[in-house]
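Single chain ahead, written as structure tokens, the form predicted alone.
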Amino acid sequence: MTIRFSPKGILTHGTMILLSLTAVVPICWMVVTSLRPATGIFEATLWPSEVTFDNYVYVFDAIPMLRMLWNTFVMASATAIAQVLTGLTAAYALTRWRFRGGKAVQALIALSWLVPFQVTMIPNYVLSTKLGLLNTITGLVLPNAAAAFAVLLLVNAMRSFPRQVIEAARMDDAGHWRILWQIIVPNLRAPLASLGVLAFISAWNEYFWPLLLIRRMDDAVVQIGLQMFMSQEGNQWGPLMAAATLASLPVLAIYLVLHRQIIESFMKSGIK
């Protein structure tokens, strides 16, 4: 069997390999640096001459890392679930119900996507203060419980759903609630899974809103904890990379579990 390489194929695969290395090398550098001793933190070798876990021990001694990881997991999970639920119900209403001003409502939702967080940050902070939501997970979740991206993504997914299936369900006297949860949702697992993962990662990486709302270390999220190893006098690269490695593990685990649904969703979106 002879394998032929065309110039176009070589260029395509070369570009993909380069992009893959661009994504993987920083992660490898982060993990390897977290295993280096303080005296060899800037060694120009692919693997540390002496492997140590002192940086991880220092991280757990310096900040409440496990507590921060739990806070971040709860906050990111609640935000992702809220965005999926609000996006699902809003998308169903926009695609299945005909009402005056429906297109205007969808246009306003799309325009809200263009509003930067800095514009709404202060009003959200004042409202959270009056509601007594400072230093709470609820205060971190509520402003991000609905997202225009989630609504628009699921609107496009529902518009491509076969109308004949829904009409057949209506003929069997199925109501909107039953159609949504027993017919549409099971067939939209791929876009729902990809939306959930993207919302989880976005909430997991959130920094400015927790920095503004949380004042106690025990209530803080892991992104605030990473900042503790950065100062004007210099960064503690070993503990910083160890904390960053620990903060990356939950996201990588979720992606490994749901990667088939995510790839399937992106492939279908690309085909459309």
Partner chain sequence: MTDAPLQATLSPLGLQRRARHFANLRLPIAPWLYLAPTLCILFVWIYWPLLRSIELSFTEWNMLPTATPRPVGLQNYRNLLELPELQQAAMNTVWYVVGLLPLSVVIPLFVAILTQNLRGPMRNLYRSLIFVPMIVPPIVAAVLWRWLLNRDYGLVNLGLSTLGIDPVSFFADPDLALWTMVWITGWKLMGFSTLLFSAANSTIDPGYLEAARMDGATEWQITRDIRLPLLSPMILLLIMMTVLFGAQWSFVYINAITDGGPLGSTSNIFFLMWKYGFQTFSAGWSATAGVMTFITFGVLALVFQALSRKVTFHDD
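Throughout, rigid core stands for the largest set of C-alpha atoms superposing within 1.5 Å between the two forms. Values in this document were obtained by computation on a predicted structure and should not be read as measured data. Positions refer to the first chain, counted from 1.
What comes next is about the form predicted together with the partner chain, which is not displayed.
Taking the partner from elsewhere, no residue among 73, 160 and 192 has a non-hydrogen atom within 4.5 angstroms of the partner chain in the model of the complex. Taking non-hydrogen atoms only, residue 151 approaches the partner chain to within 4.5 angstroms in the model of the complex. When contacts are judged by a 4.5 Å heavy atom cut-off, residue 120 counts as touching the partner chain in the model of the complex. Among residues of the shown chain, residue 30 is one whose heavy atoms approach the partner chain to within 4.5 Å in the model of the complex. Residue contact with the partner chain in the model of the complex: residue 209 places a heavy atom within 4.5 Å of it. For the residues 137, 78, 90, 188, the 4.5 Å heavy atom test against the partner chain in the model of the complex is passed only by 90. Although the partner chain is not shown here, in the model of the complex the stretch 203-227 places heavy atoms of 204, 205, 207, 208, 209, 211, 212, 215, 223, 226, 227 within 4.5 Å of it, in sequence order. Once you line up the core between this form and the one not shown, the Cα of residue 41 ends up 2 Å or more from where it was.
After superposition on the rigid core, the Cα atom of residue 56 is displaced by less than 2 Å between this form and the one not shown. Comparing the forms between this form and the one not shown on their rigid core, the Cα displacement of residue 27 reaches 2 Å or more. Contraction of the residue 233-residue 219 CA spacing by 3 Å or more is recorded in the model of the complex, set against this form. In comparison with the shown form, the Cα-Cα distance of residue 233 and residue 223 decreases by at least 3 angstroms in the model of the complex.
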